[in-house]
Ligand code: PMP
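So this first bit is one chain, no partners, the form predicted alone, shown in structure tokens.
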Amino acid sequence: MKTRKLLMIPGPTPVVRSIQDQMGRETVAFGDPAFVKDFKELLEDLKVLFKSSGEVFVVAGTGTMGMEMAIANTTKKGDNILIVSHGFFGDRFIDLCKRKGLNADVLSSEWGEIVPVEKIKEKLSEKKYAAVTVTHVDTSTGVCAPIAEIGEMMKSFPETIYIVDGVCATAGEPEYVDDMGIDVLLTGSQKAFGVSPGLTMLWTSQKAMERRKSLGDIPEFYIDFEKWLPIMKDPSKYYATPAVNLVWALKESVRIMKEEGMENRYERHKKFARAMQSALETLGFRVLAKEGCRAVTLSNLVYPEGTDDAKFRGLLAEEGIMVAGGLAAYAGRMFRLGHMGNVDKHDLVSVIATIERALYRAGMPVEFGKGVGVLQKHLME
């Protein structure tokens, strides 16, 4: 009998049956009154859940498109922009901004650490920046930025747009748009929302929308806020075809969140993450992110000396668990494990038990049940 595969990469994440069922519905016209009603309700729920009094956009595309959408609608060629990078995906803004003709300054941290808020403040004080970008959780490092603290600091720079990349954080790490002073929050459907890839969501403040208006016509067409805003106000209107079934799937994801409660959801992610990280450390792995800035949506595990990355991940896959490899300088030196969205305790226990089996098969020292025991203990606390 073939072993059932459990997808535990940092996205896409496992899609539960009720969300799958929504994707499997018979597709209807985007102007179907029932779909229009569903889309309107989804947009309103997204504003309420993430405490946004501004606008929200749900558009077919990826998280990378969301990054470009945020930049395109808040900056113009020749503007200064500050990129706060905590890894590979923070660095993605660099190329994006250069192509836009922006003057990009970059504050980078050592992988596994964050850029101190005071250092960001010092840099912002040097000259006028149109915008600053911060990746809330960088999937390459597992580092979580203090976005609330940064948002408080940003009050000293009222002309600068505060952009938060929440792709690997939103719906797993606390994010409240108004409370945290965020001007643009962007994310994708495939991570902590637990939906298949294909949707970008952005929340914008009134300040961000005023910035867009001040730019006049922009070179970008599909990702223009002003093209999409009438549709977000009235989804029966047409600009480009919405991903009908993914909108239904996202609506079901939001229903699950509302049922669980956002604070409970954040607490669950935190509890699961700390349990997993403790269990993995017990098995000899090192969490790349330092204590105090570890994400709750994924863990990036540096191997014990002598571990063959390809062999280990191959054995994990044979045993039924799919994880991701390390990026850049950490390629071959670590693996990345997602534990976000709608994963449950059964998934976590299966993952740690499978890692123990893979370690054994790889010839690494392992005491069966040790990692599982640590996990169980933390889960029961």
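The model shown is predicted, which means the values in this text are computed figures rather than measured ones. One-based numbering along the sequence shown.
Same protein, other form: the form predicted in complex with this ligand, not shown, and the subject of what follows.
- This ligand in the predicted complex comes within 4.5 Å of a heavy atom belonging to residue 89.
- Contact check for residue 135: a heavy atom falls within 4.5 Å of this ligand in the predicted complex.
- The closest heavy atom approach of residue 67 to this ligand in the predicted complex falls within 4.5 Å.
- Interface residue remark: residue 338 is not counted as part of the site for this ligand in the predicted complex, having no heavy atom within 4.5 Å.
- Scanning 167, 82, 273, 185 against this ligand in the predicted complex with a 4.5 Å heavy atom cut-off leaves one residue, 167.
- For the residues 277, 139, 297, 74, the 4.5 Å heavy atom test against this ligand in the predicted complex is passed only by 139.
- Heavy atoms within 4.5 Å of this ligand in the predicted complex are found in one stretch of 159-167, 117-125, 256-264, 219-227, which is 159-167.
- Taking a 4.5 Å heavy atom cutoff to this ligand in the predicted complex, the contacting residues in 177-207 are 190, 191.
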